[in-house]
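This document starts with one chain, in the form predicted on its own, laid out as structure tokens.
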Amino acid sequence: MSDTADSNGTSPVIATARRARAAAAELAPLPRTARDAALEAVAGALTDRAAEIVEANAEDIERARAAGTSDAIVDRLTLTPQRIAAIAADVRDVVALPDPVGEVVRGSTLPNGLELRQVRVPLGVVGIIYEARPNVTVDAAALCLKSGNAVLLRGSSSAYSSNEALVGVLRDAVESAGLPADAVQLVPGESRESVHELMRARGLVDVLIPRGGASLIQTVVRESTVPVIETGVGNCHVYIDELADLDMAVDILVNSKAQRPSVCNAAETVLVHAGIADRFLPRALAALGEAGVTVHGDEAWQKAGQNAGRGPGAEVVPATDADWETEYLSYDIAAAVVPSLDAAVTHIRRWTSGHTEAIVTRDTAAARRFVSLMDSTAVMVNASTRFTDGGQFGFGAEIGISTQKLHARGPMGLPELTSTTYVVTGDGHTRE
């Protein structure tokens, strides 16, 4: 698609946003049955046209490999018939979720007899700016359609062919079910300017949701005139308290870090109370080493690593201030020994991104104090940070994990893709 303005001087991005605005107005009054039928059509079309999608995806993979892209990123880009079938199954899962539109959040009859209801309504036009993974194209579209929103999809140029094919399939399916095709659109253009235009389309786009690395998220937050829901960079912490069960602590630490290190809810720092450091560090180093994790440790962790000698254990390298603020997304973890729970809290509040923190302890008072002093979207007590996830929370699906404090916070499911309207019903009421 071209970035060039049309004969009226309107850029393709703005023209696309205007079509989305019109589509959103058509979607808003439709019943759940219409939206669910469209999603069923989407799921069927994805499997029926899988070969077409895989062929387009091969173009992205070829370009990525020619550019020397890492195997991990190539794997995230790759779509196979099996992966497409799984994406289609996810769409059907969204169909089964409760409909947030029309839900009465609260209601009452006022003393003057007016009936007051606060009702969930679609946000309108939702823009998603994201990186690499073409599965996000379908996930985001499905969640937006289910909640009655039109969606503008701006994926990375590395997945452009895949996204173009996917959006073509989605549009055809949506239209076949009687919904406006423009409810799902790919933002035209592969240049940075197309992203900037989307971020400046205030009045046409109701909200932007960036999904990706810290640089992408901060760019959108800083430069957008459209309201932004800030999703989470995950500098997550695990604090091992003095009264922790050591077996439990090792299991939670390793799971938090190594079960899937490339995601935002993986742990990036472990803090250990000095009262149990002598007993816990050797066990932790052995378990982390077995999982392939490198420890960026303070002096206590470095000494523990040296004492381990040539036996099995994680490699320990000196930590710097940069390590405390780093979201590694790899088999690396920053590590320190702290003199108290309050010292752990001070460290976390200085360096956290506000995503997820965990405490491992048998002391209920310590757990309560830790929870009360945290300022993050989720706090785990004797549980892995990896549970901060819409599916794990029972929300069915999520469009991202918000680390802001306004409107949506934590895993964002369907309710977070709605706003509310107050419906006031009277019987000829006038105000004196």
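Computed from a prediction, not measured in an experiment: that's the story for all the values here. We number the residues from 1 along the sequence you see.
Beyond the structure shown, there is the form predicted in complex with another copy of the chain, which is absent from this document and is the topic of what follows.
- Listed residues 50, 383, 61, 366 were compared with another copy of the chain in the predicted bound form; 383 is the one with a heavy atom within 4.5 Å.
- Not one of 33, 69 and 304 places a heavy atom within 4.5 Å of another copy of the chain in the predicted bound form.
- Remark: of stretches 278-286, 174-182, 110-118, 335-343, the one touching another copy of the chain in the predicted bound form is 110-118 (heavy atom within 4.5 Å).
- Although the partner is absent here, residue 248 sits close enough that one of its heavy atoms falls within 4.5 Å of another copy of the chain in the predicted bound form.
- Using a 4.5 angstroms threshold between heavy atoms, residue 221 counts as touching another copy of the chain in the predicted bound form.
- Contact check for residue 375: a heavy atom falls within 4.5 Å of another copy of the chain in the predicted bound form.
- Residue contact check for residue 202: one or more of its heavy atoms lie within 4.5 Å of another copy of the chain in the predicted bound form.
- Of all the residues from 400-432, those having a non-hydrogen atom no more than 4.5 Å from another copy of the chain in the predicted bound form are 405, 406, 407, 409, 410, 411, 416, 419, 420, 421, 422, 423, 424, 425, 426, 427, 428, 429, 430, 431, 432.
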